[in-house]
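A lone chain, given as structure tokens: the form predicted on its own.
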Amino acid sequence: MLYPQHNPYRQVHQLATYWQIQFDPDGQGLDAGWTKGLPQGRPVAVPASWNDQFENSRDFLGPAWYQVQFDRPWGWDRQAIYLRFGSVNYLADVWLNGVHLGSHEGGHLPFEFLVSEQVEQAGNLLIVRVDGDLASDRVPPGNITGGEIDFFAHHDGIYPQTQFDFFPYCGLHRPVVLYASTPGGIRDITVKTEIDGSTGIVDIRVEHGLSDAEIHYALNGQSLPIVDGSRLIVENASFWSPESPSLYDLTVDLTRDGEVLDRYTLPVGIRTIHVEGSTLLLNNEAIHLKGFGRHEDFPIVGRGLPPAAVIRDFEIMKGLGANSFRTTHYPYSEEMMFLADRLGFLVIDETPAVGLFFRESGLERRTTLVQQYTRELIARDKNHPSVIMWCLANEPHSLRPAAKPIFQELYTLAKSLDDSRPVSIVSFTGVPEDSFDFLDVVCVNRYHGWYFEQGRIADGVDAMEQGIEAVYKRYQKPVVLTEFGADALAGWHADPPEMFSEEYQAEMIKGYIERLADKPYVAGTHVWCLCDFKTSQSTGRAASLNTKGVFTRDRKPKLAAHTLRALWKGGGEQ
């Protein structure tokens, strides 16, 4: 699925910023005919979560109905017209002019409908029903009750009762657009790159529906020699890396008798990523990941796309010397991924399979959903040079026998879709992860000195080191410490450091990084997390916030941010 693009052969029309919304707590909308229009809609911002926009909607998870009206842009009468949603959380049903276009399950990944036959010249009515309720057979799951409980497999007593430690925001979270292209035109492009000395090799596969069309390629506006029908050879290539994120504009033209019928331009970074023994290699050189997990979370907009906040997050990560992040715990916006390409960030790209558990009830459905998410994620992000690894799940509760064969199947699926990147999952402290027998990289989260060895940083760092050494001894693969950190209340100080003080957080993070610095098999350390973020309500989350951020929720630095800058960049370098 290609990101919508505007050029002489393609047009993009953003739908309105302000839609109408009507909440449906009694589930009456379908029987009451809301598919033909909302009786009492009120303005709502899109893209944004609905939870913080209205006084009484914070904990309401659906269903809710959206509507917007639009006219067909001029000149689109002979074009193939698509309606595309960047992200709807969690279940979406879509009607256009009373016609049910279809449904999609799962937030964070795009879906679209061909609507050429449904779109009228004027007065089109688009209706979207969104249901974000939590259920044990959804992914990520929630409201898990009864039966045998897996280790850490539920969060008793929190509200809303999620299976994950972030707020279950609902709504239309990313742009909703109409776009038009040539009927039968370019539907997909897959690019893989290789390196041979100073030469770059760009292998291209194009999907389209014009059987008599010819395909022409250009890189940065210049035609290049084509080998074996689809491989471009780039002499003296500029390879993509964090230090030099060089991008080439690959232009694909479909032509007939010399006339261009369709065109798509894709930024391409020539680079390779692979595992050799216990080393992670970018362009055949060892790399070390320095960075963060984070959440798409911001006051008022919730998990909606705020462009300025995305820029700010990149700015503060780069300012600290970070070179990477993991998309915890779901795919981030496409807009952020394109910026990662341009700014040279390395990305561990994660599906929404957080809190996955393997109790028999609902297992088949959850497994089907995770397979769907894996396909959708790789289809969306396969061409990003910034993406160096696929992550199939975060902190699965893997003690049950069903876990390993399910992850083996997922691993095989991911490799069949893209064999050019390593694949892993992220495992929580203390849980044996037999799937690391076949996964390419060992990714683990550790919170010794916080959830364990509480108040004892030195003991926690020792325990962390012992655990990491044991993991490497067993699997002999690159290890990435994908989460570690401590809560800190901004402005709370203590000497000597004590839990929840800025000093405790800074000293714990420093201790972890320094202890692992001389271990060649440790391929990276990701601090949890970049910024404080909203959670469900519980006694363990004051003000309904996870305060492990080294920045506050509104992006103000804590002491740990300055500590990281000194560790990663040296002194006060800006």
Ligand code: GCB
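Numbering starts at 1 and runs along the sequence shown. As the structure is a prediction and not an experimental result, all values here were calculated from the model.
FYI, the form predicted in complex with the named molecule isn't displayed, but the following is about it.
Enquirer: Does the named molecule get within 4.5 angstroms of any non-hydrogen atom of Asn546 in the predicted bound form?
Expert: It does: once the named molecule is placed as it appears in the predicted bound form, Asn546 has a heavy atom within 4.5 Å of it.
Enquirer: If you check in the predicted bound form, is Glu112 within 4.5 Å of the named molecule, heavy atoms only?
Expert: Close contact is absent here: in the predicted bound form, Glu112 is far from the named molecule, nothing within 4.5 Å, heavy atoms only.
Enquirer: Just checking whether Ser424 would be counted as a contact of the named molecule in the predicted bound form - the rule being heavy atoms within 4.5 angstroms.
Expert: Contact with the named molecule, no.
Enquirer: Within a 4.5 Å heavy atom cut-off, is Glu335 in contact with the named molecule in the predicted bound form?
Expert: Taking the distances in the predicted bound form, the answer for Glu335 is no, it never comes within 4.5 Å of the named molecule.
Enquirer: Name the single residue among Glu483, Asp297, Glu502, Asp349 that comes within 4.5 Å of the named molecule in the predicted bound form, judging by heavy atoms.
Expert: By the 4.5 Å criterion, the partner-contacting residue is Glu483.
Enquirer: Just give me the single entry in Thr265, Thr190, Asn445, Gln161 that has a non-hydrogen atom within 4.5 angstroms of the named molecule in the predicted bound form.
Expert: None of the others qualify; the residue that does is Asn445.
Enquirer: Of 446-454, 299-307, 376-384, 283-291, which is the one stretch near the named molecule in the predicted bound form, taking non-hydrogen atoms within 4.5 angstroms as near?
Expert: Selected range: 446-454.
Enquirer: Could you pull out the residues of 391-423 that have any heavy atom within 4.5 Å of the named molecule in the predicted bound form?
Expert: The stretch touches the partner through Asn394, Glu395.
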